[in-house]
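Just one chain follows, in the form predicted on its own, and it is written as structure tokens.
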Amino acid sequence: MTYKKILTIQDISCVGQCSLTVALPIISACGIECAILPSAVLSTHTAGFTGFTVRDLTQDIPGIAAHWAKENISFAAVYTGYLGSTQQIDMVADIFANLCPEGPKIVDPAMADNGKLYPAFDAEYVEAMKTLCGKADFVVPNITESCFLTGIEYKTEYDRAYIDSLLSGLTALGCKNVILTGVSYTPGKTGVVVFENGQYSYYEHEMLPNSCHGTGDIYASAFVGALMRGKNAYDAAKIAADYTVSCIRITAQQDNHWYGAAFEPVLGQLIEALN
């Protein structure tokens, strides 16, 4: 196995099992060296906690990237999660071009859910994210994010034709391949659509009654890790989905674990699936 080094760019919530505190251990467990570029540092994530601290790191990003370039550091892939501003999106585009010219770029446009943008974002941010997604080899949006990126009405009940319209709209941005999460055609089931090189495939799995903050980060990180281990996009998407379901299931067994998903106890399952 070739030992690869990738970069992930997103915020770090010191407590809360999301963003970089999820991405770094999951990608490392996949056997991939994981470099990080924090876009911000938060004491906790913002869902359910109050009085949290936030330090924006936008002004640090160019200097870090310039130092890496001076040291001839480059990456086999770049994976982005939550980015705090359009300025950061522009900086990430430069990192794509300068520090990972050949490797895959994976963009999780973490900006919306349940039909709404996150409070920090607006239409200008959406337009900037469209541009970044157009530079990606893989985008990993949920349905809400796909609707904002394509201008298609958000629906909770839909058919295959609706999903196809989202896929067409995303690829029209320039996205080469789409991993569309949270696609449910059947009650009690959900799944992931893999649209790779114009070919549609779908992996369906159980929809658990409980939900957890940070599962999108868990999914995207596991997908990236599996992809960089040489799995094809469908197999990587399936492995990531099964692992995320296991995380949600074991979290439901914990007392008062409301702030995130307990991904650590089932990391062995992810490693086993990769091997």
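Numbers follow the displayed sequence, beginning with 1. The model shown is predicted, which means the values in this text are computed figures rather than measured ones.
The next section is about a form of this same protein that is not shown, the form predicted together with a small molecule.
For the residues F195, F138, Y79, Y82, the 4.5 Å heavy atom test against the small molecule in the model of the complex is passed only by Y82. Interface residue among I250, M207, A47, A69 relative to the small molecule in the model of the complex, by the heavy atom within 4.5 Å criterion: A47. Annotated contact segment (heavy atom within 4.5 Å of the small molecule in the model of the complex): 214-222, selected among 55-63, 240-248, 214-222, 27-35.
The small molecule in the model of the complex is approached by L42, whose closest heavy atom lies within 4.5 angstroms of it. The shortest heavy atom separation between Y118 and the small molecule in the model of the complex is within 4.5 Å.
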